[in-house]
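The chain below stands alone, shown as structure tokens; this is the form predicted on its own.
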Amino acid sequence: MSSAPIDIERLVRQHAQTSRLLGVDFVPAYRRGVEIESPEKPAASGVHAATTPPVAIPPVAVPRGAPAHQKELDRPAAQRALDALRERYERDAPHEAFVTAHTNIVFGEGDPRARLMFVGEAPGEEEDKTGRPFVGRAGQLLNKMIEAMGLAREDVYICNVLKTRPPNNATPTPTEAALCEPYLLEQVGIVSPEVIVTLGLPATRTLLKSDESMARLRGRWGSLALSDGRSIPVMPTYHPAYLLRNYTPEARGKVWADLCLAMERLGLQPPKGRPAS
């Protein structure tokens, strides 16, 4: 774990440079991260407890998305922007400011101009080995969920709030989420999805800034306000790992109902005869 202080001024300059390349000529004022607690699963004892106060993180200016009919033309440019963002993340290495146990950075993958974006909390063991998001047991279930929606994994964009695996797959702390949030917001701005589905409470609270429980948040539309004035609909639902622990008709039905709301917003119809996974 690195004890070096975080150079906020350097981060702001780098974000501003990227924003200018993407057509944005300003970076808003600072705001502070919000302390939250996740009741979904306890943090690992000892090594992963939050020991530092929240860090002031500037919101990130993101470019205004292209109209739907222009997305195909903008896909190569969007991928280049995502690649450049990943390179900057690797240089900034915000994960060095907290405890991590990672082998690979797991940045995100999928259609760089996807209409639908899934956001989880952090990579797990299999994701850390491969450098790809959602490829373990939870990822296999997510694939089934995507297929049940009549889509393929390649049609959507998948990422996590944290880009590195926490020790023992612990729940990200608010400080860790705040350090990684600017890069996630830039990912959202580049992909410019029409709908975001958040998987689990940590991802939902990071984007919606709510302290309500997952039971109250799921099934209700939220909104992610970007710094350029855009607003992206957010549908919270349970994390696939939660479903693996609670694989009941009731839990599966709730997740499927949430996905159906996302499909309705996108104007999609699920394949006939395809129930929830």
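A residue's number is simply how far along the shown sequence it sits, counting from 1. Nothing here was measured: the structure is a model prediction, and the numbers come from that model.
There is another form of this protein, the form predicted together with a small molecule, and it is not shown here; the text below is about that form.
I'd like to know if Pro193 sits close to the small molecule in the model of the complex, meaning any non-hydrogen atom pair within 4.5 angstroms. Taking the distances in the model of the complex, the answer for Pro193 is no, it never comes within 4.5 Å of the small molecule.
Does any heavy atom of Glu186 come within 4.5 Å of a heavy atom of the small molecule in the model of the complex? Glu186 lies outside the contact set for the small molecule.
Is there a heavy atom of Glu176 lying 4.5 Å or less from a heavy atom of the small molecule in the model of the complex? No, Glu176 sits far enough from the small molecule in the model of the complex that none of its heavy atoms falls within 4.5 Å.
Partner proximity in the model of the complex: Gly124 to the small molecule, non-hydrogen atom cutoff 4.5 Å: Flag for Gly124 set to yes.
If contact means a heavy atom within 4.5 Å, which one of 124 to 132, 109 to 117, 76 to 84, 178 to 186 is the stretch that engages the small molecule in the model of the complex? Comparing against the small molecule in the model of the complex, the contact stretch is 124 to 132.
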